[in-house]
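Form predicted alone, single chain, as structure tokens, below.
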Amino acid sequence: MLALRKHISPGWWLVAPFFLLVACLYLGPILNILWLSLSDPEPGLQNYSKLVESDTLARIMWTTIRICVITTGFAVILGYSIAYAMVHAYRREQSFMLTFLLVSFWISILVRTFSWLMLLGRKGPINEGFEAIGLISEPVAFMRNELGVLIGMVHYMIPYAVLPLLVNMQTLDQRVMSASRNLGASASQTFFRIYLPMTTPGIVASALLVFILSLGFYVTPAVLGGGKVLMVAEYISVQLLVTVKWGVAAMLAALMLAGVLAMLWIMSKFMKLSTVFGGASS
């Protein structure tokens, strides 16, 4: 015991009670969810068997994965362009761009979603603008379908896609690109053969982060989807509040938790997790 105390900082003994309290507050509900998924309405794996037996559940899972994949693709592409522009901008412009990026985190997702609700409506400025310049003859249905959900989700996810890419690009050795240009490679050859492969860890980390956050989207699909686009998070809410099937809801929550932990583990192989949220890279 004395040897153990010598190797543990005294500060840890002060933090230990609070750490244990936080661990219990997190682990308790998680273990309860896992237990409910296996015991409600009766002990067994009947809730998990519904993944292959229920067509409705399979369709909701497929819809969720499809929307998350498309959202991830567009968010990473746009995020890569923004991060690339930020890295190669002058310092003053870079500060302005970073400020605008951080400000977006302070705006509630509910406010953003209802803003898109106004913009994408049949009488909204987007449809009226398109009609005014002759691009369309009648309003486009942007809402109550997957298109509206994707627009709202991509808009919200772009800042999260930018952060890992920006961190990764800032750590690159620019002398490698200069050497490529000095050896006769064109700008496009340098980008596709040197720069893009070197940013692969950032792309992977960005894609996984966006996909993980997209899995839990609730407000945007509910509002912009208008009840016609049902994703897992909203379906869990229905199971809890409407049909009162706690076992099914717990099973879906357990699957999402397992998927998120697996993807975080994969992301940790490509990038230090703390850097995703602005921590030190070394």
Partner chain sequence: MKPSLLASFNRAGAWVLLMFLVLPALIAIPVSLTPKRFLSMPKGEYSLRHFEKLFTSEEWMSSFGQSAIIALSTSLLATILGTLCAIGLWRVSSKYSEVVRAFLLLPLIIPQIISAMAFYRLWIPMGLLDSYLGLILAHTILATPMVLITVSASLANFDPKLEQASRNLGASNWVTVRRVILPSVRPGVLAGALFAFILSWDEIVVTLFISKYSVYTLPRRMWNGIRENTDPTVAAAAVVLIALTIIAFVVYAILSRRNAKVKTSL
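Positions refer to the first chain, counted from 1. Just so it is clear, the model here is predicted, and its values are computed rather than measured. Rigid core here is just the name for the largest C-alpha set that superposes within 1.5 Å across the two forms.
Just so it is clear, the following notes concern the form predicted together with its partner chain, a form of the same protein that is not shown.
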property	result
4.5 Å heavy atom contact, P139 and its partner chain in the model of the complex	no
Any non-hydrogen atom of R193 within 4.5 angstroms of its partner chain in the model of the complex	no
In the model of the complex, Y26 touching its partner chain (heavy atom, 4.5 Å)	yes
Exercise: L38 in contact with its partner chain in the model of the complex, heavy atom 4.5 Å	no
Its partner chain in the model of the complex - contacting residues of 204-227, heavy atom within 4.5 Å	I212, G216, Y218, V219, A222, V223
V22 C-alpha moves between this form and the one not shown by 2 Å or more, core aligned	yes
